[in-house]
Structure formats: C-alpha cells, structure tokens
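What follows is one chain in structure tokens, specifically the form predicted on its own.
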C-alpha cells in the first residue's frame, strides 16, 4: 500500500520522532502534522523528550507532547491510534521508553527517514532514502507527489529541517536540495527570519559556553587530523545550559586547517555520555560510531553513546582512532 492510501484510511494518527529531537526531527514532525491537519485529519505529535527552545516557534500553540512529561495522555493516544508515522530515525530504539509501546500498538506503522540501515521489520511501510539531505527534504517529495500545493506552514517546517540537518547548506547537499529550498522560498518561506530564529536565537550563556569550549576544552589530535570537545555536567550548570545549546558545536573544530574529523562528548544527567561525530573528507564516522560508540548514522554525520567515566572520553577517542582509522578512512 502507498503512503497516501494508508493515510486516507486512518482516523487517529500519531507522529513520533527520536530522542533529543533536532531541527530535522521537529521540522519533519511539525511539517507532517500541519500537512495532515490541513487535510482535516485528527493527528498528534509525541516526542520522547523536549526539543531545544530555539525550535519552539515551530510549535506555536504548544501542542507537541513529550513522553517524558506527558506519559499518561501519550499512552492513551498511542493505544487509540490506527496509524503511527515515525520520522527521522531508522531504528525504534531511538524513541527510548516509547519503543515497547509502539511495538505493542496494533496501529499500522510507517517510517519516513534518510538514515542508512532502516528497521524494515517493525513497519508496514518504509520510505527510506539515505541519499537525501534530511527527512524534511524527503517529505517535500512525498508531499509533492500527493498534491501540487504545499502550505506555507508546512514549507517553513521543511526549510528548517533541511537548513539545520545540512549545517546551513554546507554538507550533505545535492543540486536537488537547493532546488527544494528554492521552491520553499518561492512558496513564501522567510529565510532571514528562520536563520535568525535557529542560528541567532541563542542565550548569552550559550555564546560564553562556546567560547569556553574553544579556548579551554578543544583538543586537536594532529596525528589523525581529528579534534574533540568534552562538555561536563559542571560546565553545563556553570553556563546555564539548556537542551540544544550545544547544537553545532561538533562542527566548530572542522574549521581548523588539517582537521577532518570532530567529536563532541556531552555528559548527561544519568552519567552516560552522548557522542556526536562529524567528518569532512572520506572518513566514515558512521563506521567509527558503530565500531566504538554504540551508534551510527550517516557517513559524515553520526552519533552514539558511551557508558564510561567522563574523564576517560579523550583517551577512548584516541584509542578508537588508533584501532580503526584505516578501516574507517576511505568511504
């Protein structure tokens, strides 16, 4: 069955995305929400946890539910749903505590995503294209295939997802990405407003934290053309850190001549460490993450997690490069 045919037969739809939702997650879920709402469909968004504050303008009426905060109503909606649409993740484990409830649901399940190695077995329909820049770019083509008209609120969310997942159109883009962006601008998207909201809407504390990390915490591993930054819980408290404040930090070392691989290690409240990896050459951080960081992703943008002492992340990163540099180099 096609996406259109499944949606047309559904009356209660739940849209979900991954933990620590980023611009593509929030952009794709709000785009899908507005697209279906404009068609008169009863639809809700449930995210595992809170999105960054700078993306709140995409959820103007505050209708997005967070499973970590709104578990009761979220479970009720999942139980009543006859269709669950999963956006911007390739494995159900990415929704954390929601996973078992999604698996137990009798609703039809659709995945739309751009990450490699999708979990086909857990879904009735999988729309996966790893060659596109973002889930939002993939949704653009999906919507265009169902209708010649993309409403402005949908276009705005799509643009945010594409803009953020490509680091402001600097990576993972093709000529088609620019074609999509051009059409969204033609629809009426205010590019300057969105760029200021996403890239210029940070707090003073976030700016000072960035300066501190660059001056005092960034470590360059010249032997491997790599660099890393480790952000502790104490530093987060010192600079009044909010979820999303570290967005883009992992890309900063890549501006250094001779640095092609970058890592950001962020200590979480539970003591675990979130890992963000980026590269700008033929080095596969996807493979590095799968081998050493319990994660995966794209060849040049990946993530994972560690359960080791925070003070050991630097030596662990060096050892990972030493063990697997040749294996990961040369996509």
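Residue numbers count along the first chain shown, from 1. Nothing here was measured: the structure is a model prediction, and the numbers come from that model.
Separately, the form predicted together with guanosine-5'-monophosphate (5GP) exists; it is not shown, and the next lines address it.
Check your understanding: Quick one: of 292, 274, 44, 50, which gets a non-hydrogen atom within 4.5 angstroms of guanosine-5'-monophosphate (5GP) in the model of the complex?
Key -> Partner contact (heavy atom, 4.5 Å) among the options: 274.
Check your understanding: Is residue 109 close enough to touch guanosine-5'-monophosphate (5GP) in the model of the complex, meaning at least one heavy atom pair within 4.5 Å?
Key -> Judged by the heavy-atom cut-off of 4.5 Å, residue 109 is well away from guanosine-5'-monophosphate (5GP) in the model of the complex.
Review point. Is there a heavy atom of residue 302 no more than 4.5 Å from a heavy atom of guanosine-5'-monophosphate (5GP) in the model of the complex?
Key: Although guanosine-5'-monophosphate (5GP) is absent here, residue 302 would touch it in the model of the complex, with heavy atoms inside 4.5 Å.
Exercise for review: Choose one stretch from 34 to 42, 265 to 273, 53 to 61, 294 to 302: the one whose residues place a heavy atom within 4.5 angstroms of guanosine-5'-monophosphate (5GP) in the model of the complex.
Suggested key: Checking each option against the 4.5 Å cut-off leaves 294 to 302.
Exercise for review: Can you tell me which bits of 114 to 128 touch guanosine-5'-monophosphate (5GP) in the model of the complex, meaning any heavy atom within 4.5 Å?
Suggested key: Residue within 4.5 Å: 115, and no other.
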